[in-house]
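As structure tokens, one chain now follows by itself in the form predicted alone.
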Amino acid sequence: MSAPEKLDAHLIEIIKWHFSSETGCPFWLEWMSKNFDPKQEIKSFGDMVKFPHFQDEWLRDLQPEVWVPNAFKGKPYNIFETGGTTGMPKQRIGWDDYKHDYSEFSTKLKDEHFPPGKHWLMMGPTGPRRLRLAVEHLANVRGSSCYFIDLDPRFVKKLISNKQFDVARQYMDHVVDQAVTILKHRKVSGLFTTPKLLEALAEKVNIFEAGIRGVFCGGTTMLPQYVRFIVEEVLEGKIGFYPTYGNTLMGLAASVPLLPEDKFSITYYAPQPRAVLRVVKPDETTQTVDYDTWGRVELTTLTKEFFMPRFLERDEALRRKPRAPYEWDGVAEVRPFGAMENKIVEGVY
């Protein structure tokens, strides 16, 4: 079965699940009563443009129980948050999706970079974020355990917005110093962090000599010249580098290994059919842009725990052609939407 056929079959199964009274959640059942019956209207992924864009306000303003599928009623759920510097953050509930997403990602890691049965260090946002449980699960899947250094990105963004750069630097040093202490006193072979924190860590300790053999980074703009700097200068070409693009609403899009002809331009591929990324025209979002052209990233999430059609991310990217082992489009050089026109605050990401 081809990738489009697999996607259509999965989509029809998910639509039936979320829009049936036995298994669906209150939000989508009520939505169906006021709009149309997707079980009748949606026959392939191409039909998804019949849905309006999913609104992030729904995840901010509504109580989480409206998203509980009737099939899961009475089963306690995790509550994960995403975004939110001020006011109410977006929240997504879940049960086992993060385990599926990261177990699948485990197959993309080479044993030489993330040797099974060793120890990892995560230097990144924990607290209410899915990432903390997800990274620990990924380590566990590979027979490893994980140390954690906490990070509050909302605090950093607030400091930078207020132009309190000296305090932001102090907080960054505080986080990095904790990681240095762990690396000096514990045997760690794998590292998860953001590129800016990785760069700051490398200024204080030789990462390779500290035992790190694999690094995966996520959560920020990584333009080709910055990727080159990370690979050649920070990691000195000796440590496996795994850039990732993910969030609480999608899961994890893995990057394909860099080839010389990529010129350090990173392309990510969504975990289809559980999530689908399109790069669309900002002023006509039913249409995708041409390959190697900039557009806005649109995400559709398709799991039994969570159905989210056509969510416009606050990101833009280049649309890239399928590349082995992926049979679907990728997104490249992801950056905040409008980054060329506006000053974007990314903080430690």
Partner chain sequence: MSVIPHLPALRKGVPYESLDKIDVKDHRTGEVLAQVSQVNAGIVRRDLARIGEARADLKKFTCDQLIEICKKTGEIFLTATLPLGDKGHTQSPQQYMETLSRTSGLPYVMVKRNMAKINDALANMRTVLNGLTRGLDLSIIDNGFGEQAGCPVSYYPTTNCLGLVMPSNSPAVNSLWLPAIALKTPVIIKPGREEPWTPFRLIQAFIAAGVPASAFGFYPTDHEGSGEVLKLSGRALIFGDANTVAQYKDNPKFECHGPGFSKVIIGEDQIEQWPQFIDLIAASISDNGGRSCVNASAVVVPKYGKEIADALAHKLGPVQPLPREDENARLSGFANPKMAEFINEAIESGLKEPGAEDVTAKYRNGPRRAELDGGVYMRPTIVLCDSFKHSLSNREYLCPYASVVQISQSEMLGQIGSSLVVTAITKDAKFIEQLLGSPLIERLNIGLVPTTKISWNQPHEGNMFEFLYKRRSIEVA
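Positions refer to the first chain, counted from 1. From a predicted model like this one, the values you see are computed outputs, not experimental measurements.
This protein has a second form, the form predicted together with its partner chain, left out of what is shown; the following refers to that one.
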Tell me the stretch among 268 to 276, 194 to 202, 94 to 102, 244 to 252 that has any heavy atom within 4.5 angstroms of its partner chain in the predicted complex.
194 to 202
Partner-contacting position among Phe155, Tyr226, Tyr77, Phe208 - heavy atom within 4.5 Å of its partner chain in the predicted complex:
Tyr226
Its partner chain: the contacting residue among Lys263, Lys110, His119, Lys73 in the predicted complex [heavy atom, 4.5 Å]
Lys263
I'd like to check something about Val234: if you look in the predicted complex, is any of its heavy atoms closer than or equal to 4.5 Å to a heavy atom of its partner chain?
yes
